[in-house]
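The data below hold one chain only, encoded as structure tokens and taken in the form predicted on its own.
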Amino acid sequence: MDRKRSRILPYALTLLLSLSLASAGVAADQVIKIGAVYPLTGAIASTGLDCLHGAELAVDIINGKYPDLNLPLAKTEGLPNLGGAKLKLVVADTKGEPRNGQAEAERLVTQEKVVGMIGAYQSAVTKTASQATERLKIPYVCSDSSSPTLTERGLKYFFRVSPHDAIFARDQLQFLKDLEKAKGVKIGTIAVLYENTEFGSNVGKQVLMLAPEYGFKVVADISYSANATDVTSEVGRLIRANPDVLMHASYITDAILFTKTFKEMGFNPKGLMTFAGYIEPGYLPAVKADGNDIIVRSTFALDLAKRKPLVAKVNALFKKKYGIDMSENAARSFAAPFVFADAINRAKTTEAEAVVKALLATNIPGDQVVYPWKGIQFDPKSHQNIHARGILVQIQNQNYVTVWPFDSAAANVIWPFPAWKSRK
């Protein structure tokens, strides 16, 4: 090779790579922009920030090199099929409002030129944000919203990684049947309590529909305003109904308010089973030991590390970055960037139709996720992960420990719920 050709070749290769990346929809700086919409101000800002932290850690791992982590693309730096392109989260604040979620999703697509979307934790916000991305033909991977209706709309561009509340409701009811068999207890009646947005209303709907199938009688069906500041009326109705078990769907502010009111008014069902708000990082610091013995649906617990060492490794990275253990919310939000990166890498482009096709072919095995699932594969019609399932954790000594399924429990469940007056 003569000197002139040897000088030209590197430039030619660089030009070829640039043209290749351009045709793949990747910017010249090899950055792939993914929109991330979360409530970063307002009543549940701490939860939104927690979710964002989970997604940020996932992006760090995808963009860095972590040879000891068995996670998608962890062992390479960036996306190898796109010349090592890196993911970048472009973050927007929904303020916990559906209108803002929709507006921010539109802005991120049309102005920031994101090629995908994740978030938004609150199902009502995810619903409007995903309507916007559907209209704009941008893929949306959700791993932190649980309303069943989100994957019942027939949307082409929307995919969900985590379980929905129909799955969680069945888990809670099956737990009660398993508990009756294991402990010889009798549970006959259930009260259903839920906040009145997309999330809570659909939890209530699912429990009301499924309870008779499991042989339980519903003795109270109570909804309340998501921004309630006084719930003595609702708790009074619960006391009069006297259920064996309460099932409560809430966000964090109402979870704290109800816990305090349960104690003040002496509401003592045999079991206090809950969704969402009772597992958010700000809950236990607010109620401390009053949260003990409450059962919460979950997809993640730190004690899963006993059977899955990957959980401990990821939690160590999270704790190093943020100074706290990884929560259930952060763990759920951790999934979406990996699913996106895996699909874009296989598609070798950020072009939406090709990414959707790759998402439909997703097959991430169970040993590459931090959840007790067989992996991630999407139903071709609903786009719901067919392997997503829940576990139940109970607050014991102000820690969340897995108590169901019984064959994978880290501790025995404490049952019945101890009376408030007998607590220390």
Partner chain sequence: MSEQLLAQLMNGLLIGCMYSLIAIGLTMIWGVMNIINFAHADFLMIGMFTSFWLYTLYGVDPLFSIPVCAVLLFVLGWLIYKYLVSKVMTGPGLAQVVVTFGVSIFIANAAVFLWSPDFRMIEKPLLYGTWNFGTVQLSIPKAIASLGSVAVSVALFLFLRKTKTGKAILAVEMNRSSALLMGINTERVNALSFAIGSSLVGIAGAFLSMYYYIYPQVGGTFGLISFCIVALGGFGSIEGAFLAGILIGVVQTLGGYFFDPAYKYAIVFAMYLVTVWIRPQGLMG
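Positions refer to the first chain, counted from 1. Predicted model only: the values in this text are computed from it and were never measured.
Another form, the form predicted together with its partner chain, is not on view; read the next lines as being about it.
Colleague: Among 386-394, 372-380, 359-367, 45-53, which stretch sits within 4.5 Å of its partner chain in the predicted bound form, heavy atoms only?
Modeller: Within 4.5 Å of the partner lies stretch 45-53.
Colleague: Identify, from the list Phe216, Tyr224, Tyr157, Phe318, the residue with a heavy atom within 4.5 Å of its partner chain in the predicted bound form.
Modeller: It is Tyr224.
Colleague: With its partner chain left out of view, which of Leu173, Leu179, Ile252, Leu82 would have a heavy atom within 4.5 Å of it in the predicted bound form?
Modeller: Partner contact (heavy atom, 4.5 Å) among the options: Ile252.
Colleague: Although its partner chain is absent from this view, report whether Gly78 comes within 4.5 Å of it in the predicted bound form, heavy atoms only.
Modeller: No, Gly78 is distant from the partner.
Colleague: Consider Gln111 of the chain shown here, and say whether it contacts its partner chain in the predicted bound form, taking contact as heavy atoms within 4.5 Å.
Modeller: No - in the predicted bound form, heavy atoms of Gln111 and its partner chain never come within 4.5 Å of each other.
Colleague: Wondering, does Lys288 line up within 4.5 Å of its partner chain in the predicted bound form on heavy atoms?
Modeller: Yes, Lys288 is a contact residue.
Colleague: Even though the partner isn't displayed, in the predicted bound form is Asn399 close enough to its partner chain, meaning a heavy atom within 4.5 Å?
Modeller: Judged by the heavy-atom cut-off of 4.5 Å, Asn399 is well away from its partner chain in the predicted bound form.
Colleague: What are the residues of 231-267, in order along the chain, with a heavy atom within 4.5 Å of its partner chain in the predicted bound form?
Modeller: Counting only heavy atoms within 4.5 Å of its partner chain in the predicted bound form, the contacting residues of 231-267 are Val231, Thr232, Ser233, Glu234, Gly236, Arg237, Ile239, Arg240, Ile252, Thr253, Ile256, Leu257, Lys260, Lys263, Glu264, Met265, Gly266.
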